[in-house]
Ligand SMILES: NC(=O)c1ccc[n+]([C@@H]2O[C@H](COP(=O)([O-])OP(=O)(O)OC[C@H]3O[C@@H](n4cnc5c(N)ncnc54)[C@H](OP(=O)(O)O)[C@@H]3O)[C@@H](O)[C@H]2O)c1
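Next up: a single chain in structure tokens, the form predicted on its own.
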Amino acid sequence: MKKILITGGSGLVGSRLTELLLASGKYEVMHFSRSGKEIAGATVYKWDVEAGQLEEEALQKADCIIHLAGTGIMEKAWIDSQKEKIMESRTLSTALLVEKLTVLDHQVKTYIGASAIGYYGIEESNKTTSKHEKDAAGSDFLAQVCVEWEKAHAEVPSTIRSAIIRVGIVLSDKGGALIEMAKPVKAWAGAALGDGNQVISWIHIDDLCRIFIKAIEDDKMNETYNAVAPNPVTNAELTRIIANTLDKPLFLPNVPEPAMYLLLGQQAEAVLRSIKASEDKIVKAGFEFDFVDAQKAVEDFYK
């Protein structure tokens, strides 16, 4: 059985990925964890990125590393210290893994690093132009976080097959965007945000996890791939889909952009950004989506 070492294994994506890997019966799963929080069936090893320490046994046992760990983008207000934490939680953790993979005897053959479609930035043209993996990065804060994280991933020793997965907006009933959008809808206070026309390049969490699993198994995957479903929707469309699925009305006007900045400060950029990312490359790599329609994806959680 292949041994998969996941960082961020107790997070939204990591916990579901762990469940699917274990359910397949083909993998043993290990986690690097700061807190020691356990998920049934996974072996937990401690690491402390700030101290530059980790339990080396995990790396020595692993066949594949999936690096997901990073401070949540919406966890706290974007004061300078928090922005630094968001950046360094990704770059320093990756640097620690790279250092250990360089000096330790190990059997790691595959490294899969997470990034995000935020790489492409918040330029207005993103509303109509599909972004492909070779397109230039944006210049805003989240884009630069992705750029620096991917630079850190690129330092993984060349003897290890490496792939980067740029994750879209993850739909799940356990957390993330769908939960936050559904809250006001359930309270009869749902409304589109800003002009509502910002494009949401979404992906069902199970399809996302299956992309990571494909990257484990497919030796030809050694590049960067967008992880987004084929049919993006606007914020207004997704809000309507959620309301229809929950059988709730939408009667309030859109929440104006200035109000979003008053409420969230600079974090409003993350909510109001519009990115239309292309799924072409992952499809050409042989991946088949189970969820290509946002309506069916939302119904999978709420029907």
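In this text, residue numbers run from 1 along the sequence as written. For clarity, every value in this text was computed on a predicted model and none was experimentally measured.
Omitted here: the form predicted in complex with the ligand. The next part is about that form.
The ligand is not shown here, but in the model of the complex it comes within 4.5 Å of a heavy atom of Val13. Among residues of the shown chain, Thr71 is one whose heavy atoms approach the ligand to within 4.5 Å in the model of the complex. Heavy atoms of Gly121 never reach within 4.5 Å of the ligand in the model of the complex, leaving it off the interface. At the 4.5 Å threshold, heavy atoms of Asn235 stay clear of the ligand in the model of the complex, well away from it.
Heavy atoms within 4.5 Å of the ligand in the model of the complex belong, among the stretches 58-66, 268-276, 239-247, 32-40, to residues of 32-40. Between the options Leu97, Ala116, Val228, Ala215, the residue in contact with the ligand in the model of the complex by a heavy atom within 4.5 angstroms is Ala116. Just one of Ser89, Thr110, Gln198, Thr224 comes within 4.5 Å of the ligand in the model of the complex, counting any heavy atom, and that one is Ser89.
Shown here without the ligand, the chain has Trp149, Val167, Gly168, Ile169, Val170 in 142-173 lying with a heavy atom within 4.5 Å of that partner in the model of the complex.
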